[in-house]
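Only one chain is given next, in structure tokens, and it is the form predicted on its own.
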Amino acid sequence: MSAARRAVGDRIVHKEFPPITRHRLALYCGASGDHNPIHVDIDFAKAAGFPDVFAHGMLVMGYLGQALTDAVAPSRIRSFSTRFAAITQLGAQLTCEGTVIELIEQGGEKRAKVALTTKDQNGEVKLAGEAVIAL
């Protein structure tokens, strides 16, 4: 569907990611510089009261950003915001989605507000957000 023909309710973002592995978390530690042991050291995680390590929130946000930019050219994104809703456990299979919730015009430019979510395989929302895109 053409971007100019967007309608409220259109799902414009949909991307599924493979399960989060220990290897992925270790790679993200190196790439991001976030070496908090809660994400890679099971003994540390258990001592902190968690059953295992869990994903970095920014990794999950990165997945959502990738899903958005796969669906919408970065030059058309006017804003992108998120909030963390729940811990993402090791092995989670994440799906990122975005649905048009409002059509607006700002500064003479037609835009769409898009509600964004990242959910695991059980449907639990891990991340929620919003983007404004130019149509």
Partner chain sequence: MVDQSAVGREFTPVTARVEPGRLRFFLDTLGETNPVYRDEATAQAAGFAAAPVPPTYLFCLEMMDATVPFEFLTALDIDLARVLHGEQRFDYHAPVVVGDTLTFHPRVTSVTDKKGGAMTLIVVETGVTNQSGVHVADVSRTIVVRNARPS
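Positions refer to the first chain, counted from 1. Note that the structure is a prediction, hence the values are computed from the model and not measured. By rigid core we mean the largest C-alpha set that fits within 1.5 Å across both forms.
Form predicted in complex with its partner chain: not shown, discussed below.
Novice: Name the residue from L94, L90, V100, M61 that puts a heavy atom within 4.5 Å of its partner chain in the model of the complex.
Specialist: When its partner chain is considered in the model of the complex, the option within 4.5 Å is M61.
Novice: Given that its partner chain is not shown alongside this chain, does V40 nevertheless sit within 4.5 Å of it in the model of the complex, heavy atom to heavy atom?
Specialist: Outside the cut-off, so no.
Novice: Taking heavy atoms and a 4.5 Å cut-off, does R78 contact its partner chain in the model of the complex?
Specialist: Contact check for R78: yes, within 4.5 Å of its partner chain in the model of the complex.
Novice: Taking 4.5 angstroms as the cut-off for heavy atoms, does P74 touch its partner chain in the model of the complex?
Specialist: Close contact exists here: in the model of the complex, P74 approaches its partner chain to within 4.5 Å, heavy atoms only.
Novice: Examine R24 and determine whether its closest non-hydrogen atom to its partner chain in the model of the complex is within 4.5 angstroms.
Specialist: It does: once its partner chain is placed as it appears in the model of the complex, R24 has a heavy atom within 4.5 Å of it.
Novice: If we check its partner chain in the model of the complex, which of the residues in 21-36 reach within 4.5 angstroms of it by a non-hydrogen atom?
Specialist: Heavy-atom contacts to its partner chain in the model of the complex: R24, L27, Y28, G30, A31, S32, G33, D34, H35, N36.
Novice: So that I can tell if R111 moves, could you say whether its C-alpha shifts by at least 2 Å between the shown form and the other one after the core superposition?
Specialist: Comparing the forms between the shown form and the other one, which are aligned on their rigid core, R111 does shift its C-alpha by 2 Å or more.
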